[in-house]
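Heads up, the chain below is alone and in the form predicted alone; it's given as structure tokens.
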Amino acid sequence: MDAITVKHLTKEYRLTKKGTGLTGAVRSLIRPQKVTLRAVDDISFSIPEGEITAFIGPNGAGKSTTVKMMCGILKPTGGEILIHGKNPAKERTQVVQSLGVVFGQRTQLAWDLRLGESFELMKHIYQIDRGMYEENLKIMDEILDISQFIDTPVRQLSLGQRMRGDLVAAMLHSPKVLFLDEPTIGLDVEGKYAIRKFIKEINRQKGTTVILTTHDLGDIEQLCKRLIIINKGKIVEDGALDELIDRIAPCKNLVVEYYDENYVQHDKAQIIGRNKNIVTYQFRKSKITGAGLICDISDRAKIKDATIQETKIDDIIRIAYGREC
């Protein structure tokens, strides 16, 4: 069963186009010119239960608008969204019970309360029974180690501690779907590790469906097998990360250091660089593996060292961002 289904979703805004200079400002005041901005442009996708999906795109691409519509915060101009069969625009109260949301820059914790008191407040808001509340709090503590600062006022928490608190607050009512918007932004290495561990564990233990929007490529590499890339309101890529890399970057480079300046030519690899006894080959992954190429070369000449250069994921994402539907 799909946790989320999006069909032909659109979102339009009516904006007033302002003229330049004093004359333009007066003209806009007397006879305003309205323009329509389509932030989300007829997109469709589905996310199965228990999947961790990266929903990414450059700034202004429409991803945050889409997430807000899926959460029921914004109403679509057209199309349909179903969260476990329910429409968040029409059945928001029921849908919210099955959603957890964390926005990296906006906390849902009460600023002047102790962290534990904020959790108690969430317990009453979501009407969580005491047994579920204590069980979930115990699980969250095992993953995020929040007991050491649960009695600290939220305003005194570090960014990493606050993010852990927000994640706990989002999961106390056992939501089936978790939306995470930039959950590791501004965190140090230890903080990012803790958040990523939480996402993996909550997905493994509870089967929670996770939709992750992020600009941190480490989040994508370590957590997500599937990417949905949106740009200018349209989906430009949707599929497995490995498939995206193979499609956009079908070639790899092999750097071979020989003992002398005698090097080997290969019919399945092209020499794209040479510096004395160091030769760089480019080969298509569909024709030969890196291990196979190294084996062929080493059979014909003595090699001192060999390194396969993988295509960087940031280059792959950058190229995908530049694509148009």
Partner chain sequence: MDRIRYYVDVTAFQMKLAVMTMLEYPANFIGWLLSNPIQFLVGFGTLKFVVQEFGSINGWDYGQLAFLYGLAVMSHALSMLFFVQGWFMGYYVIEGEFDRFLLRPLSVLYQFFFTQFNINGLTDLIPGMIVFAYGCKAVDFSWNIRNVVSLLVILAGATLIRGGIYIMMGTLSFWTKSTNDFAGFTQEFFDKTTMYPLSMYPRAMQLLLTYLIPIGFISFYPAGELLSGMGSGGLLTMGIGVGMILLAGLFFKRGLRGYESAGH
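Note that the rigid core is defined as the largest set of C-alphas that superpose within 1.5 Å between two forms. Keep in mind it's a predicted model, so treat the numbers as computed, not measured. Positions refer to the first chain, counted from 1.
The discussion below concerns the form predicted together with its partner chain, not included here.
| message | Can you tell me which of 137-145, 95-103, 237-245, 183-191 lies within 4.5 Å of its partner chain in the predicted complex, counting heavy atoms only? | response | Contact criterion met by 95-103 only.
| task | Only one of 113, 82, 254, 172 comes within 4.5 Å of its partner chain in the predicted complex by heavy atoms, so just point that one out. | result | Exactly one listed residue reaches within 4.5 Å, namely 113.
| request: Kindly indicate whether 219, 259 and 306 are, all three, within 4.5 angstroms of its partner chain in the predicted complex, using heavy atoms. | output: Per the other structure, none of 219, 259 and 306 touch its partner chain.
| task | Determine whether any heavy atom of residue 73 comes within 4.5 Å of a heavy atom of its partner chain in the predicted complex, and answer yes or no. | result | Yes, residue 73 lies within 4.5 Å of its partner chain in the predicted complex.
| request: Could you confirm whether residue 108 comes within 4.5 Å of its partner chain in the predicted complex, counting heavy atoms only? | output: The answer is yes: residue 108 has a heavy atom within 4.5 Å of its partner chain.
| message | My question is simply whether residue 201 lines the interface with its partner chain in the predicted complex - judged by any non-hydrogen atom within 4.5 Å. | response | Output for residue 201 is no: heavy atoms all beyond 4.5 Å of its partner chain.
| message | Within 4.5 Å, heavy atoms only: does residue 125 come near its partner chain in the predicted complex? | response | Yes, residue 125 sits close enough to its partner chain in the predicted complex that at least one of its heavy atoms falls within 4.5 Å.
| Neighbours of its partner chain in the predicted complex among 193-228 [non-hydrogen atom within 4.5 angstroms] | Heavy-atom contacts within 4.5 Å come from no residue here.
| query | Core-aligned, does residue 35 move its Cα 2 Å or more between this form and the one not shown? | reply | It does, since the residue 35 C-alpha is displaced 2 Å or more between this form and the one not shown after the core fit.
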